[in-house]
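Next comes just one chain, in structure tokens: the form predicted alone.
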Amino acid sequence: MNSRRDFLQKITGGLVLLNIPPTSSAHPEQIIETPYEGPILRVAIMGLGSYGTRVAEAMQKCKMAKLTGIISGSPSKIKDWQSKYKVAEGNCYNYENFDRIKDNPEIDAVYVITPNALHHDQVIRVAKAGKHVICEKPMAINSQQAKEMIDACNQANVKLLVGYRMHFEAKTLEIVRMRREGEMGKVMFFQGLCGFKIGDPKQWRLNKALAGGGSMMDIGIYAINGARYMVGEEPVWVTAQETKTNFEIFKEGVDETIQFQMGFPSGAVASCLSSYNIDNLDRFFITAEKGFGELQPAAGYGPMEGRTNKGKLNNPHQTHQTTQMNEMAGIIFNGNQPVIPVDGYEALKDLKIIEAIYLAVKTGKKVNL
């Protein structure tokens, strides 16, 4: 298994993918879908790797977003994608010349799906070209970079959104709804477990210069972010402990396994784990005075499995990236406000917590936020 992408696909890949509309009991001829007649978000994908491919495939089913451009350092990939997705020659760029998108009216936004350390400069260049930005998480490798990216997008008057696909996932949102509407009562505890055994030791995710860290930057961010939206508060302190068993693969600055704890203003606490060396970790659990919610898988590509004190969650599965891109088109064009934010400020909060966790590991002390 080579990456989080492989893990997320494998953890739910054995399940049957169903996309059943609420009216599935009706006869096919009775299901009438209203055509979408609004603006279409025209997107260029930067970084044509495995996840870029997943997003491109998901966008084929989007109503509100369309793949119209590609940016890559690989001429062969550009050629293949151009043929497969019918991308115009004039909408194909490399990493040296993509600033020219400034003069391309067929591209509204760029989705940056490259190694973490490249996000900062690439996002700022896209913003300066006057295009909206969607950036994969983590948005940057530190909070200072994140602030500069936010500032650049604000100055250019373009949107900066982050690929938090779980913020639009139906079962996740149902648990958040129950918590927000008081059905669970006061939240007491959250557990987030995220991990898998990483594969190729030469991949960029194990290179600190490109990844900015190890498992915490890749898979641990799901537990951090999940704790925040499940509890509904921002943590005020963290503690953390690192375990490293393979110093050859996990070199200095590349964390293998980190256990971390967070405390919230209400008194709720979170206990989480992020690992590149433990398989089958993909679970969120929240418990409160009057109820609980559980997702397992919690961050895979779906379908998710969940239950609460009311019973099994039966929200229909939809491809996460399709939903995400439709929702982001609504944010960009209509100013829609998602239940859980997906903007640069949301990503900045996660990065500040990651920095505090790394500091807690280094010092062995509680770090206040």
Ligand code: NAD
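Everything quoted here is computed from the prediction, not taken from an experiment. From 1 onward, residues are counted along the sequence shown.
Only in words, not in the display: the form predicted together with this ligand, which the text now covers.
- Screening 262 to 270, 135 to 143, 237 to 245, 283 to 291 for residues having heavy atoms within 4.5 Å of this ligand in the predicted complex returns a single hit, 135 to 143.
- Among the residues M59, V342, A44, L48, the one placing a heavy atom within 4.5 Å of this ligand in the predicted complex is L48.
- For the chain shown alone, G195 is not a contact residue for this ligand in the predicted complex, no non-hydrogen atom being within 4.5 angstroms.
- When contacts are judged by a 4.5 Å heavy atom cut-off, P297 does not count as touching this ligand in the predicted complex.
- Interface residue remark: K251 is not counted as part of the site for this ligand in the predicted complex, having no heavy atom within 4.5 Å.
- With a 4.5 Å cutoff on heavy atoms, G226 does not count as touching this ligand in the predicted complex; it lies far away.
- Residues Y95, I113, T114, P115, N116, L118, H119 of 94 to 132 are found to place at least one heavy atom within 4.5 Å of this ligand in the predicted complex.
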